[in-house]
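Here's a solo chain for you in structure tokens, the form predicted on its own.
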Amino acid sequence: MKARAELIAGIVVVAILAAGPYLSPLIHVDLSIVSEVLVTALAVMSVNLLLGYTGLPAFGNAAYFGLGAYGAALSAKYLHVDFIGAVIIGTASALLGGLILAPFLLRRRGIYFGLLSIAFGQVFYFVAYRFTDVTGGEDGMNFPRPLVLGHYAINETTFFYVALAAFVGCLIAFRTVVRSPFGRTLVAIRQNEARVRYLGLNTDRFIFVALLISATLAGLGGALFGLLINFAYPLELDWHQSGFFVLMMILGGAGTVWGSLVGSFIYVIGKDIISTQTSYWQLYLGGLFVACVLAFPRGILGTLLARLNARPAAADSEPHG
């Protein structure tokens, strides 16, 4: 019954999202902002896999997000690839970055893993910042949104449905991974890695695969984000961006499948609405984060799910007479 309820809830959410082009004008939110929610959720999902499920402090995932954005931007501007090619190259760039960094990150755990991931992210940031002739440096780089198959233009509505399809596909894949024996092993590593090793499992291999999946998700989100705004800039690689992803994950609910969407929705929509009202929007948004964390210690979705799961347990424990 629980699986059926989860399936129905998921279908309802996807149906509501599919109606985004019709619902966004009603709440006075531009459709591109809703698209930003979806592509940002992919990056938050990548953090969730490492931090929420595996217990690794993924404080540098903006590196993969920025590699995806720059991979799509550079390929569109200099190689003149089409839309699909730009997405593939951007995602592949992030995966390549993950392959390069993973052997170094595997040697560390805890806060040292987090600090090393931030350090590598800053290396990519300074590369993008310094190579002005190629990346545009501090000012970033504009590029036209490429056509599909060289003929068909992507307008905002079409892009929204492309982002929605990417999000739903990745969400299904993410759920499959975390509910599989592989995903349950990642949770076991988070809880007690030494015990997993005593069982004869090579935890480094599991973490290595998790890092590559995380890099791919973040890279896909970054590639779509770059194509959404037709712009790539160094701050997409900066550690501040990584911090925002972590905050969104915590806000939505670490270790939950849909938490990335909830956290991204609140942050992106909240930023868009509050920033139009006051220049001190970051102060108000920070206060919103603090209030949500205090009211929902496991994140909004995580706390709600915990309370829902506690009700049947409480009912079963009551004496029957």
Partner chain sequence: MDSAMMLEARGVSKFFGGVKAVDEVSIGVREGSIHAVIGPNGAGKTTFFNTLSGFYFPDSGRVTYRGSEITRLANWKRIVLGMGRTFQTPSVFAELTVRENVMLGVRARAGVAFRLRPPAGEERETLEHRVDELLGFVNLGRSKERLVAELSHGGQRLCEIAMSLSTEPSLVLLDEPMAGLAETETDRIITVIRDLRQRLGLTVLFVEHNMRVVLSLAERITVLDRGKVLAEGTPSEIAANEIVRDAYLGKEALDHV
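Residue numbers count along the first chain shown, from 1. Just so you know, these numbers come straight off a predicted model, no measurement behind them.
Beyond the structure shown, there is the form predicted together with the partner chain, which is absent from this document and is the topic of what follows.
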{"item": "Contact test in the predicted bound form: residue 125 vs the partner chain, heavy atoms, 4.5 Å", "value": "no"}
{"item": "Contact of residue 112 with the partner chain in the predicted bound form (heavy atom, 4.5 Å)", "value": "no"}
{"item": "Distance check, residue 200 to the partner chain in the predicted bound form, heavy atom within 4.5 Å", "value": "yes"}
{"item": "Residue 160, heavy atom within 4.5 angstroms of the partner chain in the predicted bound form", "value": "no"}
{"item": "Contact at 185, 188 and 194 by the partner chain in the predicted bound form, all three, heavy atom at most 4.5 Å", "value": "yes"}
{"item": "Contact segment among 71-79, 89-97, 170-178, 125-133, judged by heavy atoms lying within 4.5 Å of the partner chain in the predicted bound form", "value": "170-178"}
{"item": "Heavy atom within 4.5 Å of the partner chain in the predicted bound form - residue from 244, 83, 206, 233", "value": "206"}
